[in-house]
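Here are two versions of the same chain, shown separately as structure tokens and labelled structure 1 and structure 2.
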Structure 1
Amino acid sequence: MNALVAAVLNWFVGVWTAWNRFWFQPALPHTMAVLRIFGGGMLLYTQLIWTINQGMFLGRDSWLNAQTALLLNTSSDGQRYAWSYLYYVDSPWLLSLLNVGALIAFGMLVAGWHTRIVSILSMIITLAYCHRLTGALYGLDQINAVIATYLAVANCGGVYSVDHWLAKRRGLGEIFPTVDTNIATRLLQLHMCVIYLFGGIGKARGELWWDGSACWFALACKEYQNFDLTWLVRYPWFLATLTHITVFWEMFYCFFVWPKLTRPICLGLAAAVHLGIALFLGMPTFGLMMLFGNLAFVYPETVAAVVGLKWLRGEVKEPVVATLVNDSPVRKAKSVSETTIEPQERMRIVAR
């Protein structure tokens, strides 16, 4: 009986330890910093489009004026949970001022200047524009809002930023792993899994995804065509294979993206699907933003090695492990997993 109780207690302790490690193990900022640059760049681009076409999107005579947007975001019982300061602004010069302010905030986010403040401002601005432009949005704007939210949580300016450059000039440029970065990364990872799971379930409800013709109809639709790929109709087996792989990958992304063995395959398929959407289906911004979201599953150490061109100089894995083994208590270990390396030690390794 005591052995049974001990086994159960050990199981709970293991679960609790894994839970804490999943959410609260400090993480380096490199992945979220790259996501800040790419995602912030897309926010800047989107805002530029809205600013150039301010009259159509936000003006008094816009496609959907502020009062209509307000009604669309109000439930039948009069409750409203979507707020935007743009509901109350229709003056052209004031709208221009707000648009320029948003462009400056997104530009500062990309540069990583006063990152903590502008990342929160960027999230508020993004949500405000999304709520005001209800009815004129599509998937890109939703992913923009998702990534802006998690950038506001993470220490995304800890590296590759003006803030880090200024800190180094003051002798304070050490790169530290932080808990908030890990929480933001985990939330984004889970969010991507939910997006793909429901996307896959939605596809599975359509007959075209079962009979293998969905990709053909997408490629044949002139509304989406960047290139004429209708010659692929001669190869129905290829189109059916593409269709079934796509829906299978999307349905099971949330399972296969976590194990190290299947993660590269899962992310490789994500790259193929979203680059295909970007190149062939006329939605480059949406395709790229979904790719940026998948960056959440790339280890910060890998990002640091790629950005620092360590892979090109052959300094990615073996030299790092050799140095660590010589300097740490795990001298006799045959291999060093990431869970045996203290976060501060990993930070020093990456910084080399």
Structure 2
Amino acid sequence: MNALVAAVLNWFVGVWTAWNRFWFQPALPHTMAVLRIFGGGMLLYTQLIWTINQGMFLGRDSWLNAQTALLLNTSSDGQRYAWSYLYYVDSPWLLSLLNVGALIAFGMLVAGWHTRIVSILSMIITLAYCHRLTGALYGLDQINAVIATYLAVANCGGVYSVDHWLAKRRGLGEIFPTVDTNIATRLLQLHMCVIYLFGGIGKARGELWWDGSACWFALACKEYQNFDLTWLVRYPWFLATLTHITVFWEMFYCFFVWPKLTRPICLGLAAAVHLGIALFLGMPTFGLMMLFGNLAFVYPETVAAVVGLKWLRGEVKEPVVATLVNDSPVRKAKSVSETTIEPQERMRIVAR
């Protein structure tokens, strides 16, 4: 009995240790910084479209006015938790002011200027617009909100930012891994897994995803088409293959994206699917933003090497993909840097 108790206790200790290693090990900021630039860029573009068409989407006489948005966000028992300051604003001047303010906040986020404050502000603004604009939203807004939320958690201005540039000028430009960046990265990774898991489960419930015709119906839909692809009807095998790969990839993404051997395949398929959506299904914004979300699975050291073109200059002796050796962000720092730098300096290699 004592042995059983000890085994159970040991198991719990093992779980707690793994939990700590997974969540509370510091990570370098490069991945989240690149995500800040790309994701923030998309937030900026989304906001630009709202701002240009302010009267159409946000004004007193918009397609779905504020009272309608309030009602749509109220449940049948009268509860409403989807807050937004935009419910209560219908003055065109004030709306313009808020829209321009949002553009400035997103612009500062992309530039990485006062990043800690504007990343939190960007999350609040994104959520407020999502709630006010209920009825005009789709997958883009969902992933926008996800990325804005996790950028607010991470130290996403730690590098590739005005903040970092200013800090370097003051002689404080060293880049350190931080726990908040790791937590944000892990949350985004798990959120992506949930999105794909239920996307796959949803598809697995439909007949067309099993008889191989779902991709045909998606591509032949006039409202989504960028190009007329109905000539693909002559290649049913090709369409069915795309359909089956999509279902299996989505269903099993949450398992295969973690091991080092299958991660590149998973991310490669993600790139193919989302670029396909961007190019052929008329949703370039959504396709790109989902692709940016997948960046969470690229190690900061890999990002640093790619951004710094170190792989071109031959400073990294291992191929970039070889840095995907295990799941420990700090251990990754070694795999890139051990070829040229002493252990004490490992964290600084990416600053160059």
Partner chain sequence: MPDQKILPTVVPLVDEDPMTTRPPSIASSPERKLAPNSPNFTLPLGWRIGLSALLLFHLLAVFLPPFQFACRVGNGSSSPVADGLVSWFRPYIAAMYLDHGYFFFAPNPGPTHLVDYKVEFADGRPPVTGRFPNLAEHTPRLKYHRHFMISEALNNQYEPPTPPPEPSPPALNAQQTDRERKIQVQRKEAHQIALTEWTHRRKQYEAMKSSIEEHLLKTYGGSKVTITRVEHRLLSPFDVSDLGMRPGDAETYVNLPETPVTTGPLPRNLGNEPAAGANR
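By rigid core we mean the largest C-alpha set that fits within 1.5 Å across both forms. The first residue in the sequence of structure 1 is number 1, and each one after it adds one. Note that the structure is a prediction, hence the values are computed from the model and not measured.
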{"item": "Form predicted alone - which displayed structure it is", "value": "1"}
{"item": "Shift of W23 between structures 1 and 2 at or above 2 Å (CA, core fit)", "value": "no"}
{"item": "Per-residue C-alpha deviation between structures 1 and 2 [W11; rigid core superposition; Å]", "value": "3.4"}
